[in-house]
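So here's one chain in two forms, each on its own in structure tokens, numbered structure 1 and structure 2.
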Structure 1
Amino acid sequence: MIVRMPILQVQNLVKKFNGTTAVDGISFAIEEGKITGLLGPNGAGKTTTILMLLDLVTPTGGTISIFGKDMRHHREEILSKVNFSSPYVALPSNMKVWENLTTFARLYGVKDVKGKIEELVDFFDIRAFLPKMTATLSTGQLTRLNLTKALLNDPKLLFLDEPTASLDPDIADRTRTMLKRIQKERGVTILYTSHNMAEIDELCERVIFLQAGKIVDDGTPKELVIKYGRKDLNEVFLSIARNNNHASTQN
């Protein structure tokens, strides 16, 4: 059995906003090369956790280690090998699409900026609106642009916050196929949030459930379906979100 070292470790992570605890002392580790789902209902603390992992929100307490290094002391080095995509984070709207991609590629230190952009724009079918102003794009087009941006620096660790939420079924399927391919071929580690449990079941080797800022369960999709005595991961999600008892306490 091959033991993969954790690429990300979180210990007792806490975030409070004006006295309200959004993330309440969570601890977990993610192995290199895996796709892990971070799940929970709205307000569970998923996005806040990811923003802390990206050092965009300062934790109230706890520690974050990525690539075996403390985020507080190795921020620039860590973030050069990380990227993020979310349909809820806006890129500069007063720039053309190609300008946004070129700017971010240069910020990430991409050597062949034009070549990397050419590699990605056809896959996400965004070539037709490269000359358009970003402000004019639809929600689905913006999502595809964000995904393109997220892969510009060939990240070793990728945070994806509901990346297919606004995509049509064809592009969403192509995106899932692409994510599985880059995981297999490049060993990219992905932390993935979604409310689409069929998608999570397809992509994720492991899922971590958050509820009210706490980790309430952790395991493979199959393990959790068996544990809760449900027919699929969607029913497990509903059970946890509604605070139902575990199957082990019901039987």
Structure 2
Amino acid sequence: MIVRMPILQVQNLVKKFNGTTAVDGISFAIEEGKITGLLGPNGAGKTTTILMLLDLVTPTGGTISIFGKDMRHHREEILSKVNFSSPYVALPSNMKVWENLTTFARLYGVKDVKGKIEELVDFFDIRAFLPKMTATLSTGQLTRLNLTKALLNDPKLLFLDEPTASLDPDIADRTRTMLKRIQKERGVTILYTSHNMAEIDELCERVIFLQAGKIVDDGTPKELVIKYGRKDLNEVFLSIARNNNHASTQN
């Protein structure tokens, strides 16, 4: 029998910031080609987890293995096929859009820099912004630019931290459509955080619930709705967040 190797495997991952435990011994694996949602209230440890998976924050303990390789020993190799986007991490505003894209394409060692940018600016419909200063782009345009940057190296695995935060409903909806296309047309595996439960429900085949640094549940949105006997994922979220956080909601 052939066991499919997960694209990402995390074992007993811990992060302590002098005193506070942000991530408290989580283990999970992600299979290739899916969109997985990482949910949880503010401060649950979602961002910290993603930053550790990208070797931007050093874990206190545990192991991370991506494409079957240990992050500690294969950082360059892994990161060349991974990418990341978050509206909280903007590209330099004092550079032109094409300068930013060219710089990152070169950093990733893209063979045909021009051709890759050409292909992606059409996919995201941002060709008209190429000669503009990045500072002049609107939030929605920046989101598309960030996603363009995130696809420059044809990643196999994409981490998105609240990609639709601060977008209006129309642009958020277009962004979701783009994410679905990225996953379908390019076969990219996506790990993704959001506070919008309807969005998670629409996009994710699987959700992992984090609470106070621990995984408290894991399953398809449908499974969780049934398991908690609620009418939608939003209610499941409230139920989990409030039950497990009894002490702090009392005061």
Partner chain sequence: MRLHRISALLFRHLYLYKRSVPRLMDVFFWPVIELLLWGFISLYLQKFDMGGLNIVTVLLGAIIFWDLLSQSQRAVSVAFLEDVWERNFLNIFVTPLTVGEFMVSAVLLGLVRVALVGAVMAVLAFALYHLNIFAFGFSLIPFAANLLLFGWAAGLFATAIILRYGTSAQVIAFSLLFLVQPLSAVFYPASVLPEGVRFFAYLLPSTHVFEGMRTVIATGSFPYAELGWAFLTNAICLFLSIRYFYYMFARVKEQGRLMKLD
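Quick note, the numbers are simply positions in structure 1, starting from 1. We call the rigid core whatever largest set of C-alpha positions still superposes within 1.5 Å between the two forms. Since the structure is predicted, the reported quantities are computational estimates derived from the model, not experimental observations.
In this comparison the chain labelled structure 1 is the form predicted alone, and the other chain is not. Relative to the superposed rigid core, the position of the CA of residue 83 differs between structure 1 and structure 2 by less than 2 Å. Comparing the forms between structure 1 and structure 2, the C-alpha position of residue 174 differs by 2 angstroms or more, with the core used for superposition.
After superposition on the rigid core, the Cα of residue 72 moves by less than 2 Å between structure 1 and structure 2. With the core fitted, the CA of residue 140 sits 3.5 Å away from its counterpart between structure 1 and structure 2.
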